[in-house]
Structures are given as structure tokens and as C-alpha cells.
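Okay, so here's just one chain, in C-alpha cells, the form predicted alone.
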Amino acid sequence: MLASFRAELLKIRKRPATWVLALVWFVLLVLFGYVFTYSFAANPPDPPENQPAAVQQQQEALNEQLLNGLLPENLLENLFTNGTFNLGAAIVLILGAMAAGSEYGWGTLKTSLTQRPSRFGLLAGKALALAVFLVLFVALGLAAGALSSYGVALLEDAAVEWPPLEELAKAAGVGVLTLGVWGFLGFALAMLFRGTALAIGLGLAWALAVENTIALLPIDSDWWESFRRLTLGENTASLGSIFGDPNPAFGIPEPLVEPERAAITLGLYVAIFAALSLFLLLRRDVT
């Protein structure tokens, strides 16, 4: 298994697509998490001449809230509670699908299995290598947020106060669960469809279209709410609320799931996706 793990680390590290995804992830966090919001809040449009004073004051208070939310002291709230970190769902889903399904397309999976590793050892090596890179993506995301928030503090001439170390450690765990569940979803889909194209296509359709539609449908029903509590998007969003309430300026609804329950649910999903991948590789022909 260790030899397979080292080989998979080398394979993922040498793939240009891995670093392209990392760059896209970094740019997404900087742009959507900080640049666009700061540009709007620091340079608001001129109010209409006949706008009431009360409305203008509300707009100024909103801009102040947005600017304060971008400062280093609110790093974790902006990244997790406001949902910025969830932008990585599609990125790591692609990474997971490539880690598991590329060898089906290359036709090298059978060759790998003839070089001594068992199917379990091969899959374990792939899963561990993916987990390592997911941790690196979490670190990259936190670094992107830290650099961006520090830049905002310099531009606004504000005090730089970072979250406590224990909160940063908690954020690392939340980030691993948030990205890990989507990464291993892509991993399981690639094993299911024996390749990357269909796995990535269906995975992105679920992450970007189906999950958002489920969250926005105005169905007032207990069974519908119970179903929403099981979705990946709802649980990742609810897990982020562990760092506080969302910024009212973003209009984010209250989470349906407690953060502790969301963490357990996401951990179970990761285990299910890994177990499904192992079952598929053990029970099916690799060709």
C-alpha cells in the first residue's frame, strides 16, 4: 500500500491539471471572497437624488458590514459561514474523479495490479494520496483568505487581528470535511463509471444545479426539509455556521442542521463513498 501511495502522490503531483485546479481554486477565493465584495463596498454607486436619507443610511451600514467582514479578524466567518469555501466543491470533485478514474481511460489499471499491489492496496494508496492533496487545497484556501484579508486591512488602514490558533485548527478540520466530501464523491463516481468524463459531468451537474435547485425550491413540507438535511450542500453550509452567524448583507438563510450533526453526516458520507469505491473495485472486472 505504501508503494501505491507514493506512486499516486507522484502521479497527482506531476499532472498539470492538478496545479491548474489549485490555481483556479486560489483565484476563485480571492475574487469571489474578497475582490468583488471589496470593490462594491468601497466604491458604491452614487445614490439617486431623490433617495430617502433612511435608505441611504441603510446602504452605508451595509457597506460597512461588508468591509468589516473582509478583515482578518473575520477570516473564518467570511470563508466558512458565508459559504466562500464551498466554491471549492466543483474543483475538488474534478480532482477526486481524476485521481480514481484516469487509469481506466489510460488502460493502465490492469498493468498496475500486475505489479504486485492488491486491489485494496491500490485503492487505499489512491484514497490516501487524494486525502493529502485535499489537505493541501484546504491550506491553500486558508492562505488565499489570509492574504486577501490582510490586503483589505492595509487598504482600509485597519488593525490586523487574526483568529485564535484553536479557531484556525478548527477551521482546518471544517475545511477538510467540506472539500473531502466532494472530493470523494468524485472519486466514487469515477470508480462507478470507470472513467473521468461521465463522473465529472454528473458530479458537476449535481453540485452546481441539483443541489442549488433543492435549496431554493419553496416547498413547505416536513419530508422535504428532512430530505434537505441529508444533502451535501446543506450539511457543508451548516458546518460553516460553527464560526458564527452569516453576514446579513449576503442574505444567507439560517442553516437547517446543527454544526455537530453536519460534521458527523459529512464524515459518514466520506466513509460511504470510500466503501463504495472499494466494493466496486473488488467486485468488478477492471477492464
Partner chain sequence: MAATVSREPGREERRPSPLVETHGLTKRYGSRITAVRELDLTVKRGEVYGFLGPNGAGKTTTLRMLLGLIRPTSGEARVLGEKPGSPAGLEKVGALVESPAFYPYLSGRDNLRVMARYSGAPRSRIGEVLDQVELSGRAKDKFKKYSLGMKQRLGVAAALLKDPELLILDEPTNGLDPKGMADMRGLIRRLGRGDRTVLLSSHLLGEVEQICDRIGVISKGSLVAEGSIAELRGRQGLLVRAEPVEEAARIAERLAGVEEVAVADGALRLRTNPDRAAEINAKLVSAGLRVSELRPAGQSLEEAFLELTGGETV
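Given the structure is predicted, the values throughout are model-derived calculations rather than measurements. Positions refer to the first chain, counted from 1.
Although not depicted, the form predicted together with its partner chain is the subject of the following passage.
Colleague: Please determine, with the chain shown alone, which of 84-92, 178-186, 108-116, 147-155 has non-hydrogen atoms within 4.5 Å of its partner chain in the model of the complex.
Modeller: Of the options given, it is 108-116.
Colleague: Do heavy atoms from each of A7, L10 and P16 fall within 4.5 Å of its partner chain in the model of the complex?
Modeller: Contact check passed for all of A7, L10 and P16.
Colleague: With a 4.5 Å heavy atom cut-off, would you call E103 a contact of its partner chain in the model of the complex?
Modeller: Taking the distances in the model of the complex, the answer for E103 is yes, it comes within 4.5 Å of its partner chain.
Colleague: Is there a heavy atom of A131 lying 4.5 Å or less from a heavy atom of its partner chain in the model of the complex?
Modeller: No, no contact at 4.5 Å.
Colleague: Using 4.5 Å between non-hydrogen atoms, is A127 touching its partner chain in the model of the complex?
Modeller: Answer no; every heavy atom of A127 is more than 4.5 Å from its partner chain in the model of the complex.
Colleague: Applying a 4.5 Å heavy atom distance criterion, does L142 contact its partner chain in the model of the complex?
Modeller: Outside the cut-off, so no.
Colleague: Pick from A207, V138, L122, A171: which residue has any heavy atom within 4.5 angstroms of its partner chain in the model of the complex?
Modeller: It is L122 that has a heavy atom within 4.5 Å of the partner.
Colleague: In the model of the complex, which residues of 264-283 put a heavy atom within 4.5 Å of its partner chain?
Modeller: Sequence-ordered list: L282, R283.
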